[in-house]
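Only one chain is shown below, in structure tokens, and it's the form predicted alone.
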Amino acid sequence: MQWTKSDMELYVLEKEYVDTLVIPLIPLYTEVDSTIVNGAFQRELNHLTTHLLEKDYRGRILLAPDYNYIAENYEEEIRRINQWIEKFNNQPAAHVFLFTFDTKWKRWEKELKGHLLWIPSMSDRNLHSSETRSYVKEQVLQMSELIKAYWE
């Protein structure tokens, strides 16, 4: 389920069946023009990936709003992300996954109150190309296998 009014209305009625929360981690880069463009592409790729994952497990996964952060002070962001997760713990989500392409999160993974799903990003490409779509589908398949392992 996505963070939309109609899905949240359904979620409120059916939340006992939704046991998994996925939080997209979206970095904000503003230093150099090339990082702005690459950051925007990563955001779009993150959305494409997480929406495909949610679609595959609609009714079991709740896709949270994006968690946007400035990619500088990860220690501070850990505190904020963990606060988000604690707020979501008021809902019956047994499994929390944080999805990102940002490799820097791997260093801080053990301090997160959720499971980090990190996959390598691809370089700036056309999101609508068959190569990009194929890559995303393969990554979603691998993420699905990992998430299912936590469900067992």
Partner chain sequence: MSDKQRVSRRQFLNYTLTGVGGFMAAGMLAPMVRFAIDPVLKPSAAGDFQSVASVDEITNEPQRFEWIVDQVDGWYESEVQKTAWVYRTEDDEIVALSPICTHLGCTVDWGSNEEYPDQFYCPCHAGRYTKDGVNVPGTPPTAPLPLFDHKVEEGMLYLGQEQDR
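On a predicted model such as this, the values are computed, not experimentally measured, just so you know. Numbering follows the first chain given and starts at 1.
Omitted from view is the form predicted in complex with its partner chain, to which the following refers.
K.L.:
Taking 4.5 angstroms as the cut-off for heavy atoms, does Lys55 touch its partner chain in the model of the complex?
P.N.:
Result yes; Lys55 sits at the interface with its partner chain in the model of the complex.
K.L.:
If you check in the model of the complex, is Glu131 within 4.5 Å of its partner chain, heavy atoms only?
P.N.:
Taking the distances in the model of the complex, the answer for Glu131 is no, it never comes within 4.5 Å of its partner chain.
K.L.:
If you check in the model of the complex, is Gly39 within 4.5 Å of its partner chain, heavy atoms only?
P.N.:
No.
K.L.:
Heavy atoms within 4.5 Å of its partner chain in the model of the complex: does Lys148 have any?
P.N.:
Answer yes; at least one heavy atom of Lys148 falls within 4.5 Å of its partner chain in the model of the complex.
K.L.:
Please state whether all three residues Glu76, Arg80 and Leu112 have a non-hydrogen atom within 4.5 angstroms of its partner chain in the model of the complex.
P.N.:
Per the other structure, none of Glu76, Arg80 and Leu112 touch its partner chain.
K.L.:
Quick check for you: of 23-31, 95-103, 59-67, 114-122, which stretch puts a non-hydrogen atom within 4.5 Å of its partner chain in the model of the complex?
P.N.:
Among the candidates, contact is made by 59-67.
K.L.:
Taking its partner chain in the model of the complex, which residues of 75-109 have any heavy atom within 4.5 Å of it?
P.N.:
Nothing in this stretch is in contact.
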